[in-house]
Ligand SMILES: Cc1cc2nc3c(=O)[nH]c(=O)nc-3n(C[C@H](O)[C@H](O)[C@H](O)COP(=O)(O)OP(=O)(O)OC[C@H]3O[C@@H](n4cnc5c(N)ncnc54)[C@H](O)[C@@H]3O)c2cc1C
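To begin, one chain is listed below as structure tokens, in the form predicted on its own.
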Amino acid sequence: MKNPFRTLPSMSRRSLIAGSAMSLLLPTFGRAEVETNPDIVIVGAGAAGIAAAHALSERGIRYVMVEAGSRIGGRAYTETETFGVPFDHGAHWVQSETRNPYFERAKDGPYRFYRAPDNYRVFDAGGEVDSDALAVLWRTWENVEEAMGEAGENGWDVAPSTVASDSGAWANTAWFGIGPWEMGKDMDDFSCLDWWNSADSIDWYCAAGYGRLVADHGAGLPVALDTAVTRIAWDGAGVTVETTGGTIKARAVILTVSTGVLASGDIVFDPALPVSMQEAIHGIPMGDYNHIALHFSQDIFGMGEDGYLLHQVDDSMEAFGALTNASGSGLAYCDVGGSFARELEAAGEQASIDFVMEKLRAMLGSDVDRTFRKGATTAWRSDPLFRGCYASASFGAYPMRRVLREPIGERIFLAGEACHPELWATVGGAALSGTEVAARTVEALG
């Protein structure tokens, strides 16, 4: 059985440099001059791009890393301006401790890094539920996961909604927890086989923020910020990468943008990508997962640091799950996923905050308003640099994850969380993919 609270907010992106005959100096993160004729262009300075840059540097390969945004880190982003405490906009759970390179970095670095506690409270319309109701919830949850696991073990590339037939008072809650809360998708929008082949792990927290880990790892690397890639031509020798800051020629490109960006057509490929790759990009689409972050002056949830809060979900499937008092900061990550996350994102920040506050009042009473300081939300679907949270296979599309890892003309190489066979949807998976793809790219260039 997978951890019932195994949420996967993980997270990545892009930008560039100069012309062919003339040299154009663009902004850099690491203060070093941007080379105009590198061997390899890395598109995106998220976890995958940062890992690829380190791997190329270790091999003495000349590269340029470009990023469309104004910062590095991609979907792993921590800031303190909003609440005065670390706020992870994307990735928060540090997972896969035996394989995730960030796990060891956090463990050995100057961070408060600790295993996630297992505290939770669950409410229904009548208040906090008793142990008998909890037993029913967890049994229902297990039954759904067992049905999905059986499908995955048998190689059935089908949607969970076709095999999980549990009913009862807690069925919707289990469906919410396994689908929107974990996968960022409804139960009819992803593959049991893809879910089954994902790596399970125990959650850990970095009090300074996961984004801080990624930013620290990327500090000092040269990267051109605020420069978007608009076109990649690969019809001749090498590649020609056109950007809002000029054109650059290289022998190959490592492309770490999300499948959402690739599917959007914001980057034009000339010639077009092979049909099999286009099908893979659309077959491994981005999900929807947003934090509705609320800051409280006191721990109104009564679980100490890092407790989990759930409420019984009705047929509307309008629900959130919360990580409360994150690292003792007073910040609650009240998270929504799937189609309901898209609806709330479209409705706007205040509508999202109002939804959660109303639910919390019903659960906890007037202390919610008395101690509430401020709220803020993320909107990953609306951000043109990401267009969603993280990628999982649609039912029937599981084999396409392998296609994402295939080089295109031995010159275009995709990397990122979507490309990792087991650690997709995680920062660790993105980093491992970046390192592995960098090595394959160097090997292909000879």
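Predicted model only: the values in this text are computed from it and were never measured. Residue indices: 1-based, along the sequence shown.
Heads up, the form predicted together with the named molecule isn't pictured, but that's what we're talking about next.
The contact residue chosen from F176, W195, W170, W93 relative to the named molecule in the predicted bound form is W93, the criterion being a non-hydrogen atom within 4.5 angstroms. Interface residue among M183, A341, V257, V223, judged by heavy atoms within 4.5 Å of the named molecule in the predicted bound form: V257. When contacts are judged by a 4.5 Å heavy atom cut-off, A228 counts as touching the named molecule in the predicted bound form. For H89, a non-hydrogen atom is located within 4.5 Å of the named molecule in the predicted bound form, even though that partner is not displayed. Taking non-hydrogen atoms only, Y210 approaches the named molecule to within 4.5 angstroms in the predicted bound form. Contact annotation: Y289 falls within 4.5 Å of the named molecule in the predicted bound form, judged by heavy atom distances.
Considering the named molecule in the predicted bound form, the lone stretch of 53-61, 393-401, 406-414, 378-386 in range is 378-386 [heavy atom distance within 4.5 Å].
Taking a 4.5 Å heavy atom cutoff to the named molecule in the predicted bound form, the contacting residues in 45-83 are A45, G46, A47, A48, G49, V66, E67, A68, G69, G73, G74, R75, A76.
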